[in-house]
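Two forms, one chain: they're shown below as C-alpha cells, one block per form, named structure 1 and structure 2.
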Structure 1
C-alpha cells in the first residue's frame, strides 16, 4: 500500500522551476532517502510534502487522501529540521509536548506521553533543561522526540545530522535506523551525503536540478546507475570516467581511449560515437605494464588502513584515475603499472550522460 504519492509535483519560485514534475510512490513503513547535490531541490520537495510551500502543479496524496491543498497541520506529517528548531524558551519536556498542548490533550496524558517518548530517545534525564543546555546530539534527539510524539503518518528529516561532528553522525545514523525499525513508520530523509543515503535507505531517490534521476535500492543504484550523474554521485570514492570513441575493426568493436584501445561488446553502438567509459575504483585490476589495457604512473597513494587508494596518471584521461587496492601492496609513487578494465564492470554513457 502506498503511503505517500507525488503526482507530477512541480514548484516554481518566480521564474525558476525548482521542482520539475516529480512522480514518486512511497510504501507504508519504507525508509526513503532523497539525495542530491546542494540546491537541487531536496528541501523544497520536503516542504511541499509538509505544506509549508504550496505546489505550483501536481498532487500530493497521503494515505489515500489528497492533501495537496490542506494546511500543514492537517497533513499529519512531522519534520525534523536541519537546525533542530527547538523552542529556546521552553524546556525539553515542553518542546516535546508542544503539539499535544496545542491540541488541548489533557495534561496528565501529555506528561505520560512525553515520558514515554523521552525514554525511547534516552533523554529522560534532560526533561527540565532548556535547549541551550544540551549538546548537539541531545538537541537532535529532542527534535526527533517532538516529531514522533504525535504519531504522524510520515516523518520527514531535512539533513538532520549535518550539524553534528563525524563521530556523532555515525551514532545518530544507527539510532535513526533503530528508530525506524521500532516505529515501522514511513520516513523520508534528505541528505546531500551519499554515504548517509546508502547506509540508511530502503530506497534512494537521486535528485538533480529538481528532477528525479533514478530511484532504487542502494546497491541497485551502485551497480546499475541509469546515467552518468547517478554513477558519479553514488559511491565514494567516485567512479572513474574516461572519454573515448567507438571504433570497429575486423567485425569487432573497440573503444579508443587516447592512445589505447579496449575491446567492448556493444554491437548497437555506431562507430565514431563519442562515449564515456565509467568504472569503479575497485574494478580496475593492476597488472604488469605490458599486459594492461592502459599504462599508468602512480602519482599519489592514500593509505586508509583497510584499503589503499592509488591516484594514477594515464594518457587516456586528463583526470587522475582512482584505484582501490589491498593495503599490503608494495606499490610506490612514480611506479609504472598496467591497468585492466573488465568490460563487464564498465558502464558506457553517451555525451548526454545516458547509459548506452
Structure 2
C-alpha cells in the first residue's frame, strides 16, 4: 500500500472555490475519515484524489509519485461509491473479476483471485448468484470486492453505507474494520455519520466550506476540539453551548450565564468579553437546584435503554440543554433541577468560534 500527500490542493467550479488550499498527509496503511456538513467539499476532495475531477491548483502525491495530472486508471486507486453499481446480468464472481477481465488477465488467475477476495469478504457461497438475489450488505461487500481484486495502493470510500438500514450499517462497519486489519491498506473514507467516523478512523479530518478545521484521532477531536465548529460537529448528541460574558470581582473571574455565574480560571480573558461555554451532555451533573451552576426545567425525556437524554429549559440559554443520564434516575417532565458544570470539562470560545 502507499502514503498519500495533498499539497495546497484547490478546486474551483467557475468562480466558486469549493476546495481551498488543503494540505494533508496520510501514512501508509492508515484509515482516515473525512467528515463535515453537506456541501463542505469532502466528496469533491475524494474525487480529486481518484482523478474524477481535475485539480485547479496544488499537487496529489501517492507513494511519492506526483499523480496530479494522471488519469484515474493510472493512479492505482480504487473507489467504492454510495451506489453499488453492480452489473445486474453478471454473477457475483463475474462482477468481482470484471476489472481483471478487462485487463486481459488469464482466466485461471482471475478465478483464483476472485476466490481469494471472496474468502476475505466471506461471500464464497454467493459467487454464483446475481445481484438481485443479494441483500444490501452483500451487494456492498461485492462492490468492495471488485475494488480489492485490483490490489490498489489506496482505497477510497464515498459514503458506502448510507443506503443501508441502521442494523446493517453496524454489521458493515465491523466488516470494513476487519477488512482494514486484514489488508493493512491505506483507506480514505467519506461519511456524514458521527458513529462511523469515531469507530472506523485512525484519524478524522473535519472539513468546513472547503477547508480543514482540524485533523486528529477521534478521542482527541472529541476531548480537545480546536474551535466551536469542531466541538459542535463531533459528538452525538452535540455539545451544549451557552452564551455568556466574562466578569471579574475580588480578583476572581466569572462567566455570567444569564442570571447565573460560574467561576472560571482564564486569566487571559478580559472583563466584558462575550464568550460561549461548551460542555458535553455527559459532563453535566444533576444536583439539587440550590447546589447547581444553573437551574433548569425538564421539558423532554428520551429513554434509550442504556441511557436517557434530558432536554432542559434554562434561563441561561434560549436553546434546550442536553444532559445524558442514568436511565434509573427518577426524573419527571416539568421537574426543576440543578445543573453543575465542572470547569475542567468546559470549553470556552469567543464570538468568532475560536478557542480561548
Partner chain sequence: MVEQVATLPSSREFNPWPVVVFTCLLVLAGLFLAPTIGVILSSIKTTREIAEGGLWNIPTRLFLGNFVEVLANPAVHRYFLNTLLVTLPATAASIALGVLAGYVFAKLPFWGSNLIFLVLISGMFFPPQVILIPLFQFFNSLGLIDTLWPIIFIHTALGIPICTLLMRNFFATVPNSLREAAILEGANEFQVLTRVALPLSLPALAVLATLQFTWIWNDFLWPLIFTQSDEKRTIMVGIVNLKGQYSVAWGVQGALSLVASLPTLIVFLFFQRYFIKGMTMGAVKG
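Just so we're clear, the structure is a prediction, and the values are computed from it rather than from any experiment. Residue numbers count along the first chain shown, from 1. Here, rigid core means the biggest group of C-alpha atoms that superpose within 1.5 Å across both forms.
Only structure 1 of the pair represents the form predicted together with its partner chain.
Superposed on the core, the two forms differ at residue 124: its CA moves 2 Å or more between the two structures. When the rigid core is held fixed, the Cα atom of residue 265 travels less than 2 angstroms between the two structures. With the core superposed, residue 248 shows a C-alpha displacement below 2 Å between the two structures.
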